[in-house]
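Starting off, we have a lone chain in the form predicted on its own, written out as structure tokens.
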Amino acid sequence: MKREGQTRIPSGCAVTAVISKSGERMSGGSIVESMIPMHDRSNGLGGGFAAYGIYPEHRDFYALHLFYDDEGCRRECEEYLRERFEIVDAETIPTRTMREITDEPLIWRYFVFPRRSALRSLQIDDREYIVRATMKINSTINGAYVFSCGKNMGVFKAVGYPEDVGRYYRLDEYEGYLWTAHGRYPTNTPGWWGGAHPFALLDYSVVHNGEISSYDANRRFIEMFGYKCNLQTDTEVITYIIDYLLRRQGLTLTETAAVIAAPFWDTISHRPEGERETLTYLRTVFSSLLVTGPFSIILGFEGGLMALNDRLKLRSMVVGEHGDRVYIASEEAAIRKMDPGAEDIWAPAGGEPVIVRVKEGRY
């Protein structure tokens, strides 16, 4: 397999997103096409998509998407799942046979809910139970990888160019109110199926263009709280940081952005008093979760998304709107591919989050 390091494009990788603020469900075909103008930002070592609202018939169950190396690890993992979950459906994820996609693992999905007795005995909620089970499978069952575990959403990824990955997974047959996409140009980490973006935990999914120079410091901190970075890609740690800050610490999206892309101390000193105190607190208490290096990320979550650049804005990202839809991409060409009529194309400031939510109750 061709590995990164043979070539290097510092600004490589492509990200795209589209969301309907009214909760209207859209075919995945459009976002797959949006990756074509950014083809050269990828090198065929990874592409993927996250989609929200795609499983309305199973909206109350967690959709586990898994890669298996072989039938043996599938049987071992399914035995683990049967002991700990009520499984209402299990099936292979539909794909197309394509010459562009090779070395395919077994790809399965399960719609599950934790056994009530297990939740009572552990005295934790179902979301924490899912996180622990995901870490357990990815750490201890050799050849089995949970790469998506949220409700009414799913991640679809592979080794290949993103437009091929989208066709491979037949995403034109799905409908969701939010889609994100990623094309990889890895520089420091392996090109393999589990290392493709998006990275997901519960309903949080992250696509990322850039390079995390603080990865080791971030990883050492986050692993003290039960997270395990097993997927050989620096972006994985961002997803766990977000889960830790939002779900476990109860921070807002804006506060989470102020931790990940913390303003410089000089910038903080010139903010109004109340804001200055908040930013000082966040930067002091969560200093190990400051993400350094060039990045632009898009976070998807149930009912919305957040886009964020590093504080120096070292990676490109633009936003456009048309009607009730908001588009975000590495390049304007990707937005125009999805919607030639998109208006008000603008670039977010460094370290300033762009947050878009679906109207309450529409998802």
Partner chain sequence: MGVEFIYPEFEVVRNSSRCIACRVCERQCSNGVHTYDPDGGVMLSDESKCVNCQRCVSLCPTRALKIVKSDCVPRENANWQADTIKEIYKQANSGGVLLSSMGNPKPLPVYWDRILINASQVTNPSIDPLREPMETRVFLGKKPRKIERGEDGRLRNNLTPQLELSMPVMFSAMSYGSISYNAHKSLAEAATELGIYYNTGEGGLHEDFYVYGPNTIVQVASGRFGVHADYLGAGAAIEIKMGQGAKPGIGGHLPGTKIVGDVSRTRMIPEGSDAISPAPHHDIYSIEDLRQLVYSLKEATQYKKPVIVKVAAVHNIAAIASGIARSGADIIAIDGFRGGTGAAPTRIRDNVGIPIELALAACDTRLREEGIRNDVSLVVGGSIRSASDVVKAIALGADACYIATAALLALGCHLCRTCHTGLCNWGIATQRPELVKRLNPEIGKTRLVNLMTAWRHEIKELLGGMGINSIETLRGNRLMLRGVNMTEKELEILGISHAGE
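Bear in mind the structure is a predicted one, so any value in this text is a computation, not a measurement. Numbering follows the first chain given and starts at 1.
Although not depicted, the form predicted in complex with the partner chain is the subject of the following passage.
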- Which residue, Thr95, Asn230, Thr278, Thr140, has a heavy atom that falls within 4.5 Å of the partner chain in the predicted complex? Thr278
- Item | The unique member of Ser117, Thr102, Gln123, Thr284 whose heavy atoms fall within 4.5 Å of the partner chain in the predicted complex | Thr284
- Honest question, do Gly250, Thr292 and Arg315 all end up within 4.5 Å of the partner chain in the predicted complex by heavy atom distance? yes
- Query: Are any of the heavy atoms in Glu211 no more than 4.5 Å from a heavy atom of the partner chain in the predicted complex?
  - Reply: yes
- Query: Given that the partner is absent here, does Arg220 sit within 4.5 Å of the partner chain in the predicted complex, heavy atoms only?
  - Reply: yes
- Should Lys337 be counted as a contact of the partner chain in the predicted complex, where contact means heavy atoms within 4.5 Å? no
- Residue contact check: Arg311 to the partner chain in the predicted complex, 4.5 Å heavy atom: yes
- Task: Sort through 107 to 115, 160 to 168, 195 to 203, 264 to 272 and report the only stretch with a non-hydrogen atom within 4.5 Å of the partner chain in the predicted complex.
- Result: 264 to 272
